[in-house]
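Presented as structure tokens, the chain that follows is alone, the form predicted alone.
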């Protein structure tokens, strides 16, 4: 009977982390950026039929990078989680924090116990009645959960992109200013211009009624940058 090869746990974790990071780095970055009336979610997505961001619940949105099938599975699971909790308890009991914790536990379990980790990073955003109550969470491939302030970036160049967003951030920017700042930050990191129809963007807008999620059209993005 042959003996299995021994792999030190720290080497196994490092190999899985490196594998996941390489997969995420092949994707295009996404950002969340607070502005006066809410939160902008934006990133490059030339394939308009496969969405990288979407609505989870009344005031909660989701953005993902990496393998589409994996973060789409998380998005659908998040919708089911929110619907079940809202139906069983109350709509106000569905929060970004609860959803982010669920994603963190799921990704951590997959990273630790499955043969292949998920090659994804996700953002969960929730808009509050005021900017002080807005919540941004970033969940990494290994289940690491980070609470962000004002902006968040995911993708292969997230650290560099976060620096650009920090330089561009201003309190009480309007939507057009937030679009221009986010797009310019992504283009600076990618070192190329991106056409208006190659962006995917949406907002959580507190001036709307109960459902605060709205997708932006290419013309609205182009107008904000002109």
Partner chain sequence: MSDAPVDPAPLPLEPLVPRSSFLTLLEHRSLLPSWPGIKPDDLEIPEGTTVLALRYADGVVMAGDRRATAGNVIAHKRVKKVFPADRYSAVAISGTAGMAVELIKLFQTELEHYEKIEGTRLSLEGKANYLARMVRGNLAMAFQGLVVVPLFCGYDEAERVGRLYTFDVVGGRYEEQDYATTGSGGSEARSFLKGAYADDVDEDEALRLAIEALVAAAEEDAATGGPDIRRGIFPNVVTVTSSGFTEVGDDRIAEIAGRVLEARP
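These numbers come from a predicted model, not from an experiment. Residue numbers count along the first chain shown, from 1.
Beyond what is shown, the protein has a form predicted together with the partner chain; the following relates to that form.
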Check your understanding: 120 to 128, 96 to 104, 152 to 160, 133 to 141: which one contacts the partner chain in the predicted bound form at 4.5 Å, heavy atom to heavy atom?
Key -> 96 to 104
Review point. Should residue 72 be counted as a contact of the partner chain in the predicted bound form, where contact means heavy atoms within 4.5 Å?
Key: yes
Review point. Can any non-hydrogen atom of residue 199 be found within 4.5 angstroms of the partner chain in the predicted bound form?
Key: no
Check your understanding: With a 4.5 Å heavy atom cut-off, would you call residue 211 a contact of the partner chain in the predicted bound form?
Key -> yes
Check your understanding: Though only this chain appears here, would residue 116 touch the partner chain in the predicted bound form if you measure heavy atom gaps against 4.5 Å?
Key -> no
Study note, to complete from the structure: Checking 56, 189, 165, 183 against the partner chain in the predicted bound form, the residue with a non-hydrogen atom inside 4.5 angstroms turns out to be 56
Exercise for review: Using heavy atoms only and a 4.5 Å cut-off, decide whether all three of 11, 14 and 21 touch the partner chain in the predicted bound form.
Suggested key: no
Check your understanding: Along 134 to 161, which positions have a non-hydrogen atom within 4.5 Å of the partner chain in the predicted bound form?
Key -> none
